[in-house]
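Only one chain is included here, represented as structure tokens and corresponding to the form predicted alone.
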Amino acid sequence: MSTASSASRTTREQIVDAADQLFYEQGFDSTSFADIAATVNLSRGNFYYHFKTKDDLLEAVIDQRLRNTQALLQQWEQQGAQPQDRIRCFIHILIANQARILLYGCPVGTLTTELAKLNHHALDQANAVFTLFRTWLRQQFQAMGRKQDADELAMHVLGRSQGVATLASAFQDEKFLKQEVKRLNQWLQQCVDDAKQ
């Protein structure tokens, strides 16, 4: 690989990282090419060399989020000895990311909600991150012995976590977020106990 090619790839990654952050903090529609170019200290010409349209950049951001989510799920697979341990990893991302969630909400939920309002063609692609979580959570509940209602339980955890993130952000309420995480863990333990009966 040539030095120029390596530098070009690095610049592209910096652009995607900056766009991901700004789409999360400001919203996709409110973020301009100029905002992103300024963040990575690029001229408009150099920026357009890598991305011709904001939709091209959005696609790259969503692809990166999908890869990051897949890597996170693999990490949880290694960390959790039991399915319920792995599900707790998912629940605890609310705590791990609480500072950002209180400021901006959930990055997946805020983007998909905005794209839905815009009737944007990338909505299905953005929803793929939720689908990854849903499929993975369903597999964990199946492994726990809850095969008949595994998808329902997976959607409950997803829906509850989205609601917690939204309300914690709306009310700037860290205590609420922590209480709801505790309640989700209690609910999960009840699911484990029910599976053993």
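The model shown is predicted, which means the values in this text are computed figures rather than measured ones. Note that residue numbering follows the sequence shown and begins at 1.
Unshown form predicted together with the DNA; subsequent notes refer to it.
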Handout entry: Partner contact for residue 45 in the model of the complex: the DNA, 4.5 angstroms, heavy atom
Key = yes
Handout entry: Contact label in the model of the complex: residue 160 to the DNA, heavy atom within 4.5 Å
Key = no
Problem - residue 54 within 4.5 Å of the DNA in the model of the complex, heavy atoms - result: yes
Exercise for the section: Would you check, heavy atoms only and a 4.5 Å threshold, whether residue 21 touches the DNA in the model of the complex? Expected result: no
Exercise for the section: Specify the contacting stretch among 29 to 37, 160 to 168, 126 to 134, 143 to 151, defined as having any heavy atom within 4.5 Å of the DNA in the model of the complex. Expected result: 29 to 37
Handout entry: Candidate site 11, 41 and 50: all three near the DNA in the model of the complex by heavy atom within 4.5 Å
Key = yes
Exercise for the section: Between 154 to 170 and the DNA in the model of the complex, list the residues on our side with a heavy atom within 4.5 Å. Expected result: none
